[in-house]
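A single chain comes next, written as structure tokens; it is the form predicted alone.
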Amino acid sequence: MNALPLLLIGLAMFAGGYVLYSRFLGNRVYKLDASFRTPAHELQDGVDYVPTNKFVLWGHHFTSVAGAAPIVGPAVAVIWGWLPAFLWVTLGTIFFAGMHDLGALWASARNKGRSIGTLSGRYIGGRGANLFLVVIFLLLLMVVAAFAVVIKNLLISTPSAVIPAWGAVAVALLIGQAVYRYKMSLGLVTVVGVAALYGLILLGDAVPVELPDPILGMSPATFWIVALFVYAGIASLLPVWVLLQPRDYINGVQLFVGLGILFVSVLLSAPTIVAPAFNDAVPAGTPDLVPLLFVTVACGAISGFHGMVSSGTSSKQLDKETDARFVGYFGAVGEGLLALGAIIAATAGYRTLADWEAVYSAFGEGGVAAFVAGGGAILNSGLGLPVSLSSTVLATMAILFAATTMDTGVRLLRFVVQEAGEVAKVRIGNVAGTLITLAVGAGLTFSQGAGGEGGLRIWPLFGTSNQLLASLTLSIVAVMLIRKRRNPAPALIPLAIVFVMAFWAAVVQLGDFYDARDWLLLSIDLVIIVAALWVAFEAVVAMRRASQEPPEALDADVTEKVGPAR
């Protein structure tokens, strides 16, 4: 099959989802109100609470939630064939992720920018809130540790991406000053910033950087991981407008440029998809399509991590409540586009079925490497870009997205550490919270060797814990809708499907971990399952109670009361 119809159908579905379904959600379900005073204005502090242009905030939100996951998941999941991955990415984005991301943003903005963990205590109950915090902590820890390893691997395997990846930090710092301090035109700054970023890509392609071994007494792998943790710690402590917002914004624009180049190349070259629609000859050891597809493709369809970003940083920067539709729902669409590009690159970027099967020789193979290799081949055949430059463009894109998620993950993990401190009656400041976060993240990453082998130690649990968290976030949204006497079905349907699939996958993995005698993963999996069951039970009780009690007052959400409202 030709990849072009697949691309056009996917684009049409995403456009329809944003134009039609997100409008329905914004107007009829969430009833977004432009006159509502958002936390960014009510609690403005110039550090975390900053009213932000919706296009800039979309870039910050989108690149924070995207990371490398919408590339890794779909590029792994095509081992079952391209059609299941395509259907889950498109339908999941439209009816699951968009609803979830917009809902989490709306719920937090209506509650002074409070996190999903805090909202769980308010709307579901204090008994489950602490367990909810455990799931969030584990998930963020996986993201921080794993992405440090992913970025390190890309910097070593693609040395031409070193200069543009680190040079983007300097570009972002200048953009932040130009927009916020000198009030320069956003359009002009965007053009100059993107031009500078692609200039760095050309420079990096001409001057690849391979570190000497050893460097400062460390191997290159150790050095890059240490550098990434130091960078993420500093970035997470700076006011959001100094680095995070402008860096994410320019990355978001760069992604659309990169995806545009990839999609135009598909249009020009119309590559053949060599992978089967349904692969009935999967390698030995490949798990069943159901339920593992639904946790393998997390980001790119629906992801609990998005709820943490929506309620952790994005809700504190929302200028108008009506901006939530563009920032939240279209942010999910952007990630769906990235996942669609990953599917096409990983199935149409190879010359023959045998070439593709050689890459997908075992479950878990493919991933970012397949995206970079396959996408580079499509860029080469479509636009005639040299293979080296094509690989540099795609590797830089993957690194920048993974880095944005890593430093946002450090920031969010610091919030969780501070919330846990509040539970224990211990006040933890920003610097102390960041140091604890870095120590835990780096400790896990280096737990099995100086090369960062421990960074992926608990990653096999990412998909299940991430999807369980998404379903729990949807349960908070559903409780809020029921209390307001609005239609909860758009939240309840994806909630039921995602919870069943994620819980089923967690149970399947429990057996796998037992067979492998992997007691660490088995123990963590058990904790996640028990926590999810407990919070799900509390959520059902909260929904039943909400349906039986009188509708809440119009200003019920914005009161200062925290904890079970009833």
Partner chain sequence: MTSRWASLRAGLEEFYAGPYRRTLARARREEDDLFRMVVLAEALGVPDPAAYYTVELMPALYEDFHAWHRRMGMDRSPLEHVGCC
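Nothing here was measured: the structure is a model prediction, and the numbers come from that model. The term rigid core refers to the maximal set of C-alpha atoms that superpose within 1.5 Å between the two forms. Residue numbers count along the first chain shown, from 1.
The form predicted together with the partner chain is left out here; the points below concern that form.
| task | With the partner chain left out of view, choose which of 400, 240, 393, 72 has a non-hydrogen atom within 4.5 angstroms of it in the predicted complex. | result | By the 4.5 Å heavy-atom cutoff, the listed residue in contact is 240.
| query | Just one of 76, 481, 179, 377 has a heavy atom within 4.5 Å of the partner chain in the predicted complex. Which one? | reply | Of the listed residues, the single hit is 179.
| query | If contact means any heavy atom within 4.5 Å, which of 534 to 542, 45 to 53, 32 to 40, 495 to 503 contacts the partner chain in the predicted complex? | reply | Looking at the partner contacts, the answer comes out as 45 to 53.
| field | in the predicted complex, residue 164 touching the partner chain (heavy atom, 4.5 Å) | value | Result no; residue 164 lies far from the partner chain in the predicted complex.
| Is residue 96 one of the residues lying within 4.5 Å of the partner chain in the predicted complex, judged by heavy atom distances? | Result no; residue 96 lies far from the partner chain in the predicted complex.
| said: I'd like to know whether residue 294 contacts the partner chain in the predicted complex, with contact meaning heavy atoms within 4.5 angstroms. | reply: Residue-level check for residue 294: no, no contact with the partner chain.
| field | Partner proximity in the predicted complex: residue 246 to the partner chain, non-hydrogen atom cutoff 4.5 Å | value | Within the cut-off, so yes.
| Using a 4.5 Å cut-off on heavy atoms, which residues of 175 to 192 contact the partner chain in the predicted complex? | In sequence order, 175, 176, 179, 180, 186, 187, 190 come within 4.5 Å of the partner.
| Core-superposed C-alpha of residue 381 shifting 2 Å or more between the shown form and the other one | No: residue 381 shifts by under 2 Å between the shown form and the other one.
| said: When the rigid core is used for the superposition, does residue 84 move between the shown form and the other one (threshold: C-alpha shift of 2 Å or more)? | reply: No: residue 84 shifts by under 2 Å between the shown form and the other one.
| said: Taking 2 Å as the cut-off, check whether the CA of residue 181 shifts that much or more between the shown form and the other one after a rigid core fit. | reply: It does, since the residue 181 C-alpha is displaced 2 Å or more between the shown form and the other one after the core fit.
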